[in-house]
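One chain is shown next in structure tokens, namely the form predicted alone.
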């Protein structure tokens, strides 16, 4: 009987936590509308978030995208011509870089860098009673602390995804000059003849959804800390774990929708 009670209690707690998370997301979206119309007070938070999430990650994104583009070209040009399918290298580049790896790898990098920082930052603010101070003075912490981070991470993830795609495709072109030299005109015409509007839209939609997921999860776990500073590392670990899980699931769903 006691086991049944424990199972029931855990089930109720999980349902309550899930409902709270849904309400948290709804509140963020509601406050985002108000933030857009009156953003002066939190413009600094938004700017700093974009600088940290977007600008500071450019070098990492460029290095990874160039490496992936190079690997795809080297492998493709060494295997595909054996089957008389050399032109498929453009299809592979579009599918792998633009539609799949670009959005998901960018999101994972953002989750590892910015997601952990947000969860830790908000957790420290909870422990030091800064959140209580905001509330006591009539300032909505969701609008002034969470929404700027939500917008900053989402916008930065979108831009970093485009940056990833540009460097990945540029890197693949540079590698072709060493493996199988071709003119830029031929390379660009091959890509433009292969890529479709739906590929670009799919990549952009994924990046926006992924950015929103990262910011939702990071802020949720950061504010879920109660009193002790020892909870902060646990919240950071949960933030990363849940972000990665939700990103993979969202990527699978969006990819499935693309092929329907």
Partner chain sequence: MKLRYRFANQAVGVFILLAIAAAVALLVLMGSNQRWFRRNYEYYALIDDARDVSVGMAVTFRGFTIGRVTSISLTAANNVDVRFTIQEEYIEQVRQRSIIQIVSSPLGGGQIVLHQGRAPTPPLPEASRIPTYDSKEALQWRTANEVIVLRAADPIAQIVAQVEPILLNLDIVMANVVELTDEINLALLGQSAGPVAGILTGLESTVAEVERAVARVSVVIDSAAAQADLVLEDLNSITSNLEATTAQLRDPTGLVPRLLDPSGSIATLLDDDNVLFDQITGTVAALDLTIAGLSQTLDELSRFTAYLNTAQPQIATLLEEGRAALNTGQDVLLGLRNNPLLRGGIPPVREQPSTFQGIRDGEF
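Since the model is a prediction, treat every value here as computed from it, not as a measurement. Residue numbers count along the first chain shown, from 1.
Just so you know, the form predicted together with the partner chain exists too; it's not on screen, but the next bit is about it.
Check: Among 64, 195, 70, 223, which has any heavy atom within 4.5 Å of the partner chain in the model of the complex?
Finding: Exactly one residue meets the criterion: 195.
Check: the partner chain isn't shown here, but in the model of the complex which of 234, 60, 212, 200 has a heavy atom within 4.5 Å of it?
Finding: When the partner chain is considered in the model of the complex, the option within 4.5 Å is 200.
Notebook entry, point to check: Going by a heavy atom distance of 4.5 Å, is residue 160 a contact of the partner chain in the model of the complex?
Noted result: Because a heavy atom of residue 160 falls inside 4.5 Å of the partner chain in the model of the complex, the answer is yes.
Margin query: Under a 4.5 Å heavy atom criterion, is residue 48 part of the interface with the partner chain in the model of the complex?
Written below: So residue 48 counts as contacting the partner chain.
Next item on the list: Report yes if any heavy atom of residue 77 sits within 4.5 Å of a heavy atom of the partner chain in the model of the complex; otherwise report no.
Entry: No, residue 77 is distant from the partner.
Next item on the list: Considering only heavy atoms, tell me if residue 189 and the partner chain come within 4.5 Å of each other in the model of the complex.
Entry: Close contact exists here: in the model of the complex, residue 189 approaches the partner chain to within 4.5 Å, heavy atoms only.
Checklist line | Residues within 4.5 Å of the partner chain in the model of the complex, restricted to 50-66 and counted by heavy atom | finding: If the 4.5 Å heavy-atom criterion is applied to the partner chain in the model of the complex, 50-66 yields 50, 51, 52, 54, 55, 56, 58.
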